[in-house]
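Below, in structure tokens: the form predicted on its own, a single chain.
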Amino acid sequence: MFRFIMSRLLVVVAVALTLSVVAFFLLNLAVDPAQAIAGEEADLLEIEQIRQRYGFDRPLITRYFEWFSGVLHGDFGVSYYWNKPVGELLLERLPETITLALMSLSVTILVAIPLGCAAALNPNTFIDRMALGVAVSAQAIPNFWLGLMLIILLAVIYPIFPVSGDKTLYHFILPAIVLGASSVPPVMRLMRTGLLEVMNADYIRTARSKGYYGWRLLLRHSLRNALLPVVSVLAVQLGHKFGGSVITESVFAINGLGRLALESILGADIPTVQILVFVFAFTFLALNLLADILNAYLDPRLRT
């Protein structure tokens, strides 16, 4: 198990380093940081003075190693747009994104897994087709459109939930539904497929001979093995929710990392965008690593 974890950890470190290099060079080549700081109305002399003052005239490779060294020591740089340390911006916005991601993942689990189980227990029936229809509909509806429709219906016409904001957990219910709905189709289909495969196993036939049927059979004998691939998908979906909440946070005016990323891109705030790309990527990789470890724990065959 230790060798398995170390091999996966080395892959995560290698990919994270590669992403940091690619993100740093692409961002600094796409946007002139001196121009971004000086503003659109600055003349060439002012831009050149800023370039020399901040060291933008030095080679990119030198600036990358300085930036990465600072990241390792907890120094994420200073935001050009907000004129404050990037680390402070992350700490201010991180709780909202974590709350939204966890609540939206809960929505996915509460909807997708029961639907997948119901479809697997009733294959090729009305229940199966209805579950698949819900999954297809959730995949076809864009997040921004679903968010606006929920705001109109459940916050304006019927004022059940707040229109926007992030002051209480109550404010996160609608955005969690929007963000969680996009993950329902893959989790539901994988749950259904996994259960159908498990139901044909020899030990399931043995359990049936002992009198186990329906949900009792599923909960006591089938669900654990069918959940193995679902665990990996849920980890991937949680990573997507950290980095893919830009639209949802913007629609519902949630001051999280997704909205911070959008504002940083519009303001050409390179230090903030660099760190956000690195944080989103590293979070995604770390969650995949956690899923691999959990799968290996549940199924010892995967350790080899």
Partner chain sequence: MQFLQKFTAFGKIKKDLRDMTPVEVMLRKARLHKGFKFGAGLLLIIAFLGVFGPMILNLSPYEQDLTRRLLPPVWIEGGVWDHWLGTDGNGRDYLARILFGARISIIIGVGAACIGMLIGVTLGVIAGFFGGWVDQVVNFILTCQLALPGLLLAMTIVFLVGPSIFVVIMVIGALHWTLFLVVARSATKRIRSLDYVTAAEAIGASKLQIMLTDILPNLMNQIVVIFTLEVGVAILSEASLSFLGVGIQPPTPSWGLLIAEGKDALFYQPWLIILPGIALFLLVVSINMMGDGIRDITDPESSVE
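Positions refer to the first chain, counted from 1. Fair warning: this is a prediction, and the values are worked out from it, not measured in the lab.
Just so it is clear, the following notes concern the form predicted in complex with the partner chain, a form of the same protein that is not shown.
In plain terms, the part of the chain that comes close to the partner chain in the predicted complex, with a heavy atom within 4.5 Å, is 139-147 out of 139-147, 67-75, 190-198, 108-116. In the predicted complex, the partner chain stays beyond 4.5 Å of every heavy atom belonging to Leu91. For the chain shown alone, Leu169 is not a contact residue for the partner chain in the predicted complex, no non-hydrogen atom being within 4.5 angstroms. When the partner chain is considered in the predicted complex, Ala38 lies well away from it, no heavy atom lying within 4.5 Å. Among heavy atoms of Ile160, none comes within 4.5 Å of the partner chain in the predicted complex. Proximity to the partner chain in the predicted complex holds for none of Ser7, Val21 and Ala235, with the criterion being a heavy atom within 4.5 Å. Residue Val246 is the only one in 222-246 with at least one heavy atom within 4.5 Å of the partner chain in the predicted complex.
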